[in-house]
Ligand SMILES: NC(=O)C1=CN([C@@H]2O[C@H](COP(=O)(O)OP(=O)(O)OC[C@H]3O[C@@H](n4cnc5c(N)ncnc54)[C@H](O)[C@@H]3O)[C@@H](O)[C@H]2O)C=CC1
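Before any questions on how it binds or moves, here is one chain, the form predicted alone, in structure tokens.
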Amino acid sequence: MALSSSCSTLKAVNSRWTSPVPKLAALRRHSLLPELRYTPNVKLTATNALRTVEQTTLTEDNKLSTYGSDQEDQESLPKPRILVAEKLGEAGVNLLKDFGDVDCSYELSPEDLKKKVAESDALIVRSGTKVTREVFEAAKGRLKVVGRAGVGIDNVDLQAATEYGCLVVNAPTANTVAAAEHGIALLASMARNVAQADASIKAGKWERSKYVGVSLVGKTLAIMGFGKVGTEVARRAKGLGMNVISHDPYAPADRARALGVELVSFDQAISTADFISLHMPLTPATKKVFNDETFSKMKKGVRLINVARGGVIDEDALVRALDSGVVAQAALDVFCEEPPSKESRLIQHENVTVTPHLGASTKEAQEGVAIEIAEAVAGALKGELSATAVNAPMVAPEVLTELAPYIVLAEKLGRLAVQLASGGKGVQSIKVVYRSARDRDDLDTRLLRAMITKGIIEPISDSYVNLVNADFIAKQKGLRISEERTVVESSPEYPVDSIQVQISNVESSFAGAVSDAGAISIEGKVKYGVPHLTCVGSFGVDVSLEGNLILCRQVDQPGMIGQVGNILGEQNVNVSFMSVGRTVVRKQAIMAIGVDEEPDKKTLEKIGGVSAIEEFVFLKL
């Protein structure tokens, strides 16, 4: 786009839009953002694009200008400075050198790192460098991108990065095949006792009868988590003649069918499998999900492989399962504590094969990660919206102030909706309906859609969802999210009157949440600045979305509130809100109960034992 044309577009957009979110969208549609190229004074990234657009003005001679910027020819300006603080593959370094001035300085002390970032526009690390709040403070606003060469970002202070307007990107896809191959390697070596037999021979023994293995052909492999790595494991396991099943609430059924994989429930997967391979993220919902109760449901003699995250297994419970024979063998690449203690009973167990977190450790994977992170960092410095961004972009304060309570509502509706879905089919089709008195052009729903996506995906995923990457991750997870806007007669002072989330073509863990149209349906509003749940299925309710929630579908009769309230009170569970909705008097009703604490299993069983209650579900907010 010619500069004069860019200026005309900017002038028109500035006059049409007063809010920076739709203004930024309009500039993207007109391809104006690439014109605001990298300069020392205009560093356009996903975190500061809105601010830059707000500061962009027109000079008297119709040239683009920004507050405090000079009028040098952009082609003669210095390249961005990129600090690589840990070893990176040569291909990635060369790609960076084509774009900027690269400083490869390894094993920096915390003080040296602070000095370096003060002179750097981007920083690339692996897992060994801690990018703390102090590092961002030392950068004094110059640092615009932090690239993590790998998946995990535990060593980067995301909150501080966002506060200082710094985008954080990672490289989540390059090591997929390497991790899958390592899982298959552990599967085969465990089945044939390769590690134990190797150690035996090196100790001068010859114990052929002791190390008789088991065949893989015809055995059932349960893949827990059917994402990128899980899918690749399935391909290879099918080639070995195994029957493959999987549990993953987001896996598209058509993709699974194409690979000859059956999607099943969690309990069905663990109770029928001969081998179980873990490929699930570590989240609050999956932490120690493999525990004494889980192991008790497995077939005796099951074999377990973990190349995902150590924390999904209760290691003490696994030792007990190994000692009892419920788990015949385990092959582990990851642990709760890394490196694990030398005295660990799990590590020393004769039926356990271990490797030191080698899932991504191939030459090809390391080069792939280097290229992926180099492209993400260079793209971010050029002002491109990175699909691998893991922190929230900077949004204008006035927009956040207006949308703040609706952002919370949107995420909580997403969390509720996904917990109401069940079965092995997987969540795929989601519809969001916004009711608003505002004109379509005056309501930018990208942030709300992103927060709904965040609420649906994050509780059982290691993905970080925000305005930048929401659509990308939704597509990656096989989610189809459509939006509909309905004009209602309410005050245009408020951006949204209500938000409804529908999930189609899935079974529900709570039949009362299914609407007459056959979809799981929940709706909410913001009342006095607080998110409220106002509709479940066809039942109207009114309960504040704070703490946790219990939904009960019951026969509509007197005394139900008292019975359930007494059960909760006896267990010292505090009720914050309670609401009852019904369609026909004395027929059916839904009781929505907000609770501050999570009731224990016995308390929930007592609620379910009330004769008039037909079904209930406990939901975490």
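Residue positions are given as counts along the sequence shown, with the first one as 1. Treat the numbers as computed from the prediction; the structure is a model and nothing was measured.
In what follows, reference is made to the form predicted in complex with this ligand, a form of this protein that is not presented.
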Per contact check vs this ligand in the predicted complex (non-hydrogen atom within 4.5 angstroms), the hit among 333 to 341, 100 to 108, 490 to 498, 544 to 552 is 333 to 341
Next on the checklist: I have Gly152, Gly225 and His279 flagged as a candidate spot, so tell me whether each of them has a non-hydrogen atom within 4.5 Å of this ligand in the predicted complex.
Outcome noted: yes
In the predicted complex, the residue from Phe275, Tyr434, Tyr250, Tyr406 with a non-hydrogen atom within 4.5 Å of this ligand is Tyr250
Checking Gln329, Gln419, Asn391, Thr286 against this ligand in the predicted complex, the residue with a non-hydrogen atom inside 4.5 angstroms turns out to be Thr286
Exercise: Asn175 in contact with this ligand in the predicted complex, heavy atom 4.5 Å:
yes
Looking at the partner-bound form in the predicted complex, is Gly89 within 4.5 Å of this ligand by any heavy atom? no
Any non-hydrogen atom of Arg438 within 4.5 angstroms of this ligand in the predicted complex: no
Any non-hydrogen atom of Gly359 within 4.5 angstroms of this ligand in the predicted complex:
yes
Contact check, 292 to 325 vs this ligand in the predicted complex, heavy atom within 4.5 Å, ordered by sequence, gives Val307, Ala308, Arg309
